[in-house]
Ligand code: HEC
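A single chain comes next, written as C-alpha cells; it is the form predicted alone.
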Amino acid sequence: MSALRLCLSASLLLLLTTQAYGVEGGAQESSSCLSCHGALTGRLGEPVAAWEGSVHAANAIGCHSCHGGDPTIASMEAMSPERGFLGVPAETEIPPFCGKCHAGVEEDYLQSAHGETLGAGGPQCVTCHGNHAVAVTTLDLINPESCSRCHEYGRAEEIKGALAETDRLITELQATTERQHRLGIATDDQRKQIFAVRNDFHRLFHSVDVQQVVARSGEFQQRLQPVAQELQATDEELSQRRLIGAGAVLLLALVTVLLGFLRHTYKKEEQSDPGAGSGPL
C-alpha cells in the first residue's frame, strides 16, 4: 500500500474512532493533519510527536495555523492551494512564515546581524528554536554549543549576561501571579502587563546588539516595578490575613483551654463539697 493510501486510510479510521491529539490547557482539536501523520512512521510521522510537547500545542496552535490547509478534510484536498496550504517554507521564507504571529520579532531579526545573513548560510528561526518541537523561550537557548556553530560564544555570553537580571525578574513575577491566582486573587491585569513586557523583552534577544541590550535592559525592569509593587502589596496583605487568622485560632484555643480548666475546677469543687451550691432547707 502506498504512503498516500495509508495516510488516507489512517485518517478516515482515526477521525471516526478518536479525537485528535490533546492540547494542554485548551480544547481538543479535531485535525486530519494529526490523524493522518500520527499514523505514519519516519519523517512524515515525526512532526506529530514533536508538536505534542511544544509550546504551540500548549497554546492550541495546530498544524494549519502555520502550514495552512483545511484540517477538517480527510483527503489530499486539505493540502491544496485552494485551501490555503503553504507547505514547508524555503529558508528565506521562514522569518515571514513565523512572523505571521511573531511580527515584532521578525522585524528585529531582519534588522540584526543574523538577519543580514539570511539566505547566505546565516541562522534563522528554526536554527535556534527548531520547527515542530518549539519550546518556551528561555535564556538557555543562548549557550556555547548552539552559538559556536556559527561564531565564538563571547558576544552571545555578554548578551545573555545583560539579559539575565530582567529575565529572572519576569520569571519570579510570573510565578507570583500564578501562586496568587491559585489562592483566588485576581491577577489578570498583572499577568497581561508581564506578558506584554516579556514579549517586548524577547524581541530584544533578536537584535543581537550588545550595546542595545545593555542599554534597554533597565527600561524593562522599570516597566515591571509597578507590577512588582502591586504583587508585593498583595503578599503583605495575605501575610497580615494569615497572622490575624492564626491569632484568632490561638485565641480560640486559649478560650477553649480556659473554659475546660474552669469546668474541671468547678467539678472538682463539687466533688470535694457535695453541699456546695445547695441552699438551706
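We number the residues from 1 along the sequence you see. All figures in this text were calculated on a predicted structure; none of them were measured in a lab.
Another form exists, predicted together with the named molecule; not displayed. Remarks below refer to it.
Enquirer: Pick from 249-257, 64-72, 220-228, 233-241: which stretch has non-hydrogen atoms within 4.5 Å of the named molecule in the model of the complex?
Expert: Comparing against the named molecule in the model of the complex, the contact stretch is 64-72.
Enquirer: Can you work out which of 79, 162, 194, 169 has a heavy atom no more than 4.5 Å from the named molecule in the model of the complex?
Expert: None of the other options qualify; the answer is 79.
Enquirer: Go through 186, 101, 175, 183 and name the one with a heavy atom inside 4.5 Å of the named molecule in the model of the complex.
Expert: Contact with the named molecule in the model of the complex is made by 101 alone.
Enquirer: Is residue 124 part of the interface with the named molecule in the model of the complex - any heavy atom within 4.5 Å?
Expert: Flag for residue 124 set to yes.
Enquirer: So, in the model of the complex, is residue 179 in contact with the named molecule at a 4.5 angstroms heavy atom limit?
Expert: Judged by the heavy-atom cut-off of 4.5 Å, residue 179 is well away from the named molecule in the model of the complex.
Enquirer: So, residue 56 and the named molecule: in the model of the complex, are they within 4.5 Å at any heavy atom pair?
Expert: Residue 56: yes, in contact with the named molecule in the model of the complex.
Enquirer: Find out whether any non-hydrogen atom of residue 216 is located within 4.5 angstroms of the named molecule in the model of the complex, and reply yes or no.
Expert: Residue 216: no, not in contact with the named molecule in the model of the complex.
Enquirer: What residues of 124-145, in sequence order, lie within 4.5 Å of the named molecule in the model of the complex by heavy atom?
Expert: Those in contact are 124, 125, 126, 127, 128, 129, 130, 131, 132, 134, 135, 136, 137, 138, 139, 141, 142.
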